[in-house]
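So this first bit is one chain, no partners, the form predicted alone, shown in structure tokens.
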């Protein structure tokens, strides 16, 4: 048996250079300090993405992307397929936790100034991953074809349609027409299982390669004698896997006690329900659009808000090039304060959506 395993290893090693990867893993070091806890959220994001892929593949075996069968296939998965309710609940809960983990990972990297040279591209690829996973959430939200997802999608695409010149064209392209129809669910389905996974694999591959090549950033201001290096394998990876198991346990508890609801089948001819809102990770934008005045200096308020989000996102992506102090290993109070303002704004506006639904 031992000879057989050695033969298999030799065969794979000669083709995949496994010995080189093993040596790299043994030599790779990870800085350990009082802020090391935040490093593990990157691995948690990767684990949750893998969980999404595995449960998504299982759901694909039974899901049918059409107006007449989408909701019925969800009911079949939840009630007839063995452990189908569990797989759908794991998929839905892990998707939400994944986006939360990405936000935590992004803000922790921001406050630790992990974006400074030479890790600018690591930050930018991470930012694009956030956008891709938000698109995952938006496209996947409609697929159950229930009342809540239908009208939330209509509201979201109506907002995109307010952009000057290109808004109506973007809305038509996204929906496959002027309203949410069977063409929309078909487009969202292929976007969700085809285009977005391909983009994710490409960007994630670059992101992970950069992290492995450049290593993990040491926070500014921590003395060298307070930082020690530990082996990536097995020390760091064992602690990382502990975080994965903790996430799996949390998701399991949520699925058992709070299984994901099916909801009522969407009726395109029904009136929009009162208090309709998007998923929580879009709520800060949703509340902003509700609060902003209809017109500001004869310009539509929604248009100003949308441009504000676009410019804000662009500046956030370009932070590594704007924060010159970080490149010089110095903290910039301005960027730290702005980071806290952005974080507080997202939290407050999200809370407003749930606490003041009639606003």
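Positions refer to the first chain, counted from 1. Because the structure is a prediction, the values reported are computed rather than measured.
One more form of this protein should be noted, the form predicted together with a small molecule, which is absent from this view; the next part is about it.
Would you confirm whether the three residues 71, 141 and 148 all fall within 4.5 Å of the small molecule in the predicted bound form, going by non-hydrogen atoms?
Not one of the three qualifies.
Classify residue 122 as contacting or not contacting the small molecule in the predicted bound form by the rule of any non-hydrogen atom within 4.5 angstroms, answering yes or no.
Residue-level check for residue 122: yes, a contact with the small molecule.
In the predicted bound form, is there a heavy atom of the small molecule that lies within 4.5 Å of any heavy atom of residue 192, even though the partner is absent here?
No, residue 192 sits far enough from the small molecule in the predicted bound form that none of its heavy atoms falls within 4.5 Å.
Within 4.5 Å, heavy atoms only: does residue 188 come near the small molecule in the predicted bound form?
Looking in the predicted bound form, residue contacts with the small molecule do not include residue 188, since no heavy atom lies within 4.5 Å.
Is residue 65 close enough to the small molecule in the predicted bound form to count, meaning some heavy atom within 4.5 Å?
Output for residue 65 is no: heavy atoms all beyond 4.5 Å of the small molecule.
Choose one stretch from 36-44, 304-312, 291-299, 57-65: the one whose residues place a heavy atom within 4.5 angstroms of the small molecule in the predicted bound form.
So the stretch in question is 36-44.
Answer with one of 266, 204, 285, 77: the residue that has a non-hydrogen atom within 4.5 Å of the small molecule in the predicted bound form.
Checked against the cut-off, the match is 204.
Report the residue, out of 98, 255, 247, 135, that has at least one non-hydrogen atom within 4.5 angstroms of the small molecule in the predicted bound form.
Spelling it out, the residue with a heavy atom inside the cut-off is 98.
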